[in-house]
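Take a look at this single chain, the form predicted alone, given in structure tokens.
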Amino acid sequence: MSISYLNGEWQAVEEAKISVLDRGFLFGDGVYEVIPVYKKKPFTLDLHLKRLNDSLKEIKLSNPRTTQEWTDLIMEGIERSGEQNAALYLQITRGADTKRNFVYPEKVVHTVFMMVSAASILERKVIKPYHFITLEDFRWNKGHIKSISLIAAGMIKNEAITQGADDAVLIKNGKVTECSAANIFIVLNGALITPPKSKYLLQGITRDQIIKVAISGGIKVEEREITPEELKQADEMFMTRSTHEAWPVGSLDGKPIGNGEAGVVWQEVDRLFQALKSEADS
């Protein structure tokens, strides 16, 4: 079942309440993480907590807990939920101020929110390739911060859906960045290629794990800029994110990628990633 934690209290998600003066509500002044849980174990927890801390530093917000305190809270949330495979969402804002003001308050009382929910998609019973389109990346130039200010990503995602797609591959200044909420990989001329880390895209933890297992499996990996023309020429394409792992993309702008099915490189990468998960579970 879904369970939530808000500022020291456990309750059903629907019962959690915050102040209307919370800076997360008014300004999107906060950061978040989504952590996949397998067999009641948070996957790559240390990396998620490091990225959380990095995001907090970027917005000049102190970390309200130590690594051990976060770990204890997260493990308690997983246990309370009773879920085996779950998505754990963690959000920290600068808290409520006495008035609406762009200036950061001198005294910060953080709002800490966490929820643990069932994530059947992680069981991967059916993997159907997604359909993507290309859209302009008009988001801000701080994409490496996992900010709760997500209206631009929401606009992009909904535009893709309006056009009959599942999501979009984004183009900024003539180069591929990422999707609305995922990193992107293509296979071209025998190489697995993904855009390099930069301020324009989220430095995905699943992305890094996929690169790691691909290299270990003898797959040629290139972290470099990708042009829109190369997207069209790709033999395979897949996206990566915590709640999808590596997920195949079957078409782009209405045209099939390869034969429109999950490709052989994706199949091998997925096999290697599942093996990595199994090692983490043991």
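So that there is no doubt, residue numbering starts at 1 and follows the sequence shown. Everything numeric here is computed off the predicted structure, so don't read it as measured data.
The following text describes the form predicted in complex with a small molecule, which does not appear among the structures shown.
S.K.: Among the candidate stretches 103-111, 139-147, 188-196, 124-132, which one is within 4.5 Å of the small molecule in the predicted complex when only heavy atoms are counted?
M.R.: Stretch with heavy atoms near the partner: 139-147.
S.K.: Spell out, yes or no, whether the shortest heavy atom distance between F43 and the small molecule in the predicted complex is within 4.5 Å.
M.R.: No, F43 is distant from the partner.
S.K.: Taking heavy atoms and a 4.5 Å cut-off, does S55 contact the small molecule in the predicted complex?
M.R.: The answer is no: S55 has no heavy atom within 4.5 Å of the small molecule.
S.K.: Considering only heavy atoms, tell me if Q91 and the small molecule come within 4.5 Å of each other in the predicted complex.
M.R.: Output for Q91 is no: heavy atoms all beyond 4.5 Å of the small molecule.
S.K.: Examine Y32 and determine whether its closest non-hydrogen atom to the small molecule in the predicted complex is within 4.5 angstroms.
M.R.: The answer is yes: Y32 has a heavy atom within 4.5 Å of the small molecule.
S.K.: Check, residue by residue, if K172, V176 and V249 all come within 4.5 Å of the small molecule in the predicted complex, counting heavy atoms only.
M.R.: No: none of K172, V176 and V249 comes within 4.5 Å of the small molecule in the predicted complex.
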